[in-house]
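Here's a solo chain for you in structure tokens, the form predicted on its own.
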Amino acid sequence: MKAFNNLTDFSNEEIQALIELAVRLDSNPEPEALKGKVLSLLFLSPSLRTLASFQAAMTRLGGGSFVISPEMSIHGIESRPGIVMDGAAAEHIREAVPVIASYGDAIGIRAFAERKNIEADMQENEFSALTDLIDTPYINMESAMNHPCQNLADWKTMDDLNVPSNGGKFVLSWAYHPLALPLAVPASTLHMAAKRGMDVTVLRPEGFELPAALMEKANTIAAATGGSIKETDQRAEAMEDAHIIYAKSWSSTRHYGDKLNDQKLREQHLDWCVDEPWFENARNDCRFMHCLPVRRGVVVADNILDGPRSVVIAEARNRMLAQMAVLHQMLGNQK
């Protein structure tokens, strides 16, 4: 495996093999599988679970890792193209990335969308510019529109819960958040659930529709896997017989890059906080999922997050296990 960039790049059989490997590595550890291997971790965006889970995964497999972020550089790192570097930053990302990559056997890169131009973000221009600088295997630790490690962990989480693929009902719900957040998790989660063959409903208020190109891709995937895709602002309809509700906030696509109008629109929907009444039409065993971090009392009520519906802690642990499988596949067979 030379790249783990987008879960839809892999067949369902390949995804299932990774999940089976994750299960095996959990029950039968291989503490020397990656002995002598080094993973470079470049964080151009902040992280808790991604950072900790990758470091833990490498340690459990016998390898090592190191972390670089702009805040850690004593020189400061410039990322803008075509800039005359006569300011504070003494190093440019075009030199920094290939150097960082050269110190490891693979590199993980995390770089959020700029959220100024939705077309540019959907083309993954920023992330592609970084990966074009390297020739080592790489892992997407979250980009403008992709978060494959979260997607693989979520797929495993649903397998662990025995949630059916075909016939399983998955609700991807917008939730209120005081900030305009990226589209990476909702976009890639939509495609993950479609690839799994589930009946997916995107539940969101007006103005927060997912981009048409993302929905078209989801429909194409679902047609091939036996799933279905629909979008609605009707909560009761969306939640009927749901197996999973996956809550996540995202920027208004109507006001993308326009913070003021985005804020005005989202503040009309303070009631989009997942609570027990949301589950009135759902299955009794409907589970709540979220990638974390999550704002209590804003995105979801405490009683849901602390109650039996929530699987967010197991979901977060699956990040480490899923990444162990990816790293094992990427680096374990190299001589």
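Source: prediction; values computed, not measured. We number the residues from 1 along the sequence you see.
This next part talks about the form predicted in complex with a further copy of the same chain, which is not shown.
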Interface membership of I100, a further copy of the same chain in the predicted complex, 4.5 Å heavy atom rule: yes
Non-hydrogen atom contact L51 with a further copy of the same chain in the predicted complex at 4.5 angstroms: yes
Taking heavy atoms only, is H92 within 4.5 angstroms of a further copy of the same chain in the predicted complex? yes
Quick one: does R24 come within 4.5 Å of a further copy of the same chain in the predicted complex, counting heavy atoms only? no
Taking a further copy of the same chain in the predicted complex as the reference, which of D271, E280, D285, D302 has a non-hydrogen atom within 4.5 Å? D302
So, a 4.5 angstroms cut-off on heavy atom distances: do all three of P46, M85 and A316 pass it with respect to a further copy of the same chain in the predicted complex? yes
Just to confirm the contact call: exactly one of 237-245, 194-202, 104-112, 162-170 touches a further copy of the same chain in the predicted complex at a 4.5 Å heavy atom cutoff, so which is it? 104-112
